[in-house]
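The chain below stands alone and is given in structure tokens; this is the form predicted on its own.
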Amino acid sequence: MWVTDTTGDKPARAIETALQKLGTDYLDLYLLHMPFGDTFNAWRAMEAAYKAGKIRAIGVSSFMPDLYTNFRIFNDVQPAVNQMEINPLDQQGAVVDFYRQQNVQPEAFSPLAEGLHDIFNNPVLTKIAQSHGKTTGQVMLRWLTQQGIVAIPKSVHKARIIENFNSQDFDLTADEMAAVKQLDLGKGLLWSPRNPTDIESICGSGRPDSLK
């Protein structure tokens, strides 16, 4: 549910529109796309759809622990998922650990860091990939899923989609997992839910350039 659909009766209509467009009578998972707008109003509609069986699970995106805690206290149904930017360059280890303790499933968007910082040619990832006969992209996806983090890579190319699916038939060693951990830059690559400029861009004129 996009930010502009969070006010008034828009959330209920947005859910019905999604069901109609997909040609189904229920959704497996439906998320608040951003922690902005009238999130409480939107969540009430999502809770109603969840209780009516139209949605099997509801979740949030890019909620930091402080905001999530406030959100959890004042709602009936707790988020099943929090979708966040997680990749080898932005690992968010402490945040991921927090959500595990809350029994909220971490889900990674941009798990391949959108190719930033020439990550597909990163020497650490390249070495690991060669040792397994895999690509660096497959190593990044396996690094996530081996930690129990859901990864949702996006591609419109058949060969890349097949490559992504074939990232789950091998395991990284403890040393390899530790080597990838050292790549963390400790900051977001795309945007920040705490950056006023990004928030204004999202809530005012639409998606920030990095999300278009």
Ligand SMILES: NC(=O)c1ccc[n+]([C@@H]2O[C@H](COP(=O)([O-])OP(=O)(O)OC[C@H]3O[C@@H](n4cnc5c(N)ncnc54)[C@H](OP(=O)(O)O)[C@@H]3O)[C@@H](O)[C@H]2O)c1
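Numbering starts at 1 and follows the sequence shown. Being a predicted model, the structure only gives us computed values, none of them experimental.
Just so it is clear, the following notes concern the form predicted in complex with this ligand, a form of the same protein that is not shown.
Listed stretches are 180-188, 22-30, 47-55, 160-168; the contact stretch with this ligand in the predicted complex is 160-168, by a heavy atom cutoff of 4.5 Å. For the three residues N122, V124 and E176, a heavy atom within 4.5 Å of this ligand turns up in the predicted complex in no case. Put simply, M34 is close to this ligand in the predicted complex: some heavy atom of it is within 4.5 Å.
Within this chain, Y99 is remote from the site of this ligand in the predicted complex, having no heavy atom within 4.5 Å. This ligand is not drawn, but in the predicted complex it has no heavy atom within 4.5 Å of Q91. Shown alone here, S61 lies within 4.5 Å of this ligand in the predicted complex, counting heavy atoms only. Along 135-173, these residues reach a heavy atom to within 4.5 Å of this ligand in the predicted complex: I152, P153, K154, S155, V156, H157, R160, E163, N164.
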